[in-house]
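Okay, so here's just one chain, in structure tokens, the form predicted on its own.
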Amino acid sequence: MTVESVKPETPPAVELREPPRAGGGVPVLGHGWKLARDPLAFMSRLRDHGEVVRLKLGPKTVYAVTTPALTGALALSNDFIIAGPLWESLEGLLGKEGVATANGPRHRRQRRTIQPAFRLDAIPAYGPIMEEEAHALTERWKPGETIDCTSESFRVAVRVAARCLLRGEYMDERAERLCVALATVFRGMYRRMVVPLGPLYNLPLPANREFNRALADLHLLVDEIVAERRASGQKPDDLLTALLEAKDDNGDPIGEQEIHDQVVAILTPGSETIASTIMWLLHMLAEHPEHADRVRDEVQAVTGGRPVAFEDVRGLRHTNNVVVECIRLRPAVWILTRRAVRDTELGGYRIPSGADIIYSPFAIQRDPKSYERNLEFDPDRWLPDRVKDIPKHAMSPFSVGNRKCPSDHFSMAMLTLITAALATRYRFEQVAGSKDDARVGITLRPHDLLVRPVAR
């Protein structure tokens, strides 16, 4: 017998498993009623059933992924695209032609258009605007008065986005409209995602009429922004100009609907997530004064007592860790979905083509298997000697791979600067009537947070 005649053995085929099904479903609604009633607790308990778990949302079977490793594999695999219940519910807001919902070549082209605005070397140019808005926030508030954190957080989030990316001077009134409308729209979209009752949402019921009015106002707001820029004839070096001059794959100007959808993606989900995070940061400053004091002390050590500036952000390590820990415990984006484009596997489980996958960054980032004292607010867990113990993908607030949020550095710089400015100027206390429980919609924010600034 020669060596050449010996054929290597074919490894046995790995038999893929069927994911276990979560219990507790009810007729017609499936598990949607639990997702509607107590979604955070429901998603947090799914890991007890397995790494991949089957759910029923109405008539549809959905696969829930519960571990950091598999959510990372999901985000990095070409077998899954942006689609599923979340994105279907968001289509009325985001449309089908914006970077948030596009896939394949369209998504790659759109990323190329918007990416220059968020390059690391582009962000310092936004520094003066971020500084101005952060300090204007502290100047606008008066010691002892009650602050409505929802409206104030939206105000600064929209102003920074509009001034940095759209170069607009049409902020305050529209920020208030955006705040009111998004609260209604995101709650309605969440209901449509977890309880997909189809035509029933077209009935002229009060909740449906309120939802439709809010959605219409959001789109009107975006149309006003684009129309004003066109009428002005101005072409500042900003993201809106880049969109208005962008070309499609044939070298023709992109369509009006794509421009509209791109501005929606810049102004609405971006402002909602940043505003929600600012609200949670204000809650943290009130609930953990010891960390607020550490932020104040760090800022003073770095600045020598002058007002904090954008150039100081890199040196504000504890302040940055406070922001990261706040995002870990209270992520604005708490639920995400994908769709399988072919028969595939995930963690040894069979995933059929066309299947929808759902996972919760909220549950992943609070998992006791990944974090020691998982529910404790502990910014020092992000120090270099401790962060190495946190599993990969257990903290990915801006996602990974080709769907990573392009504004991650922009957002972190803004949030760190605002936290530094607020904690240096004030201590915060919650006041009577404040509701700091989580309001769950497509995003997560405090229900009605009210605080009182106390001068330091």
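A residue's number is simply how far along the shown sequence it sits, counting from 1. The structure presented is a predicted model; accordingly, all values stated were derived computationally and were not measured.
Same protein, other form: the form predicted together with a small molecule, not shown, and the subject of what follows.
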Should the three residues Arg37, Phe362 and Val440 be counted as contacting the small molecule in the predicted bound form, with contact defined as a heavy atom within 4.5 Å for each?
no
Within 4.5 Å, heavy atoms only, one stretch in 417-425, 403-411, 50-58, 37-45 touches the small molecule in the predicted bound form. Which?
403-411
Between the options His283, His107, Arg167, His291, which residue brings a heavy atom to within 4.5 Å of the small molecule in the predicted bound form?
His107
Identify, from the list Trp87, Tyr371, Trp141, Phe310, the residue with a heavy atom within 4.5 Å of the small molecule in the predicted bound form.
Trp87
Look up in the predicted bound form whether Gln430 has a non-hydrogen atom within 4.5 angstroms of the small molecule, and give yes or no.
no
My question is simply whether Ala214 lines the interface with the small molecule in the predicted bound form - judged by any non-hydrogen atom within 4.5 Å.
no
Should Tyr349 be counted as a contact of the small molecule in the predicted bound form, where contact means heavy atoms within 4.5 Å?
no
Is there a heavy atom of Leu178 no more than 4.5 Å from a heavy atom of the small molecule in the predicted bound form?
no
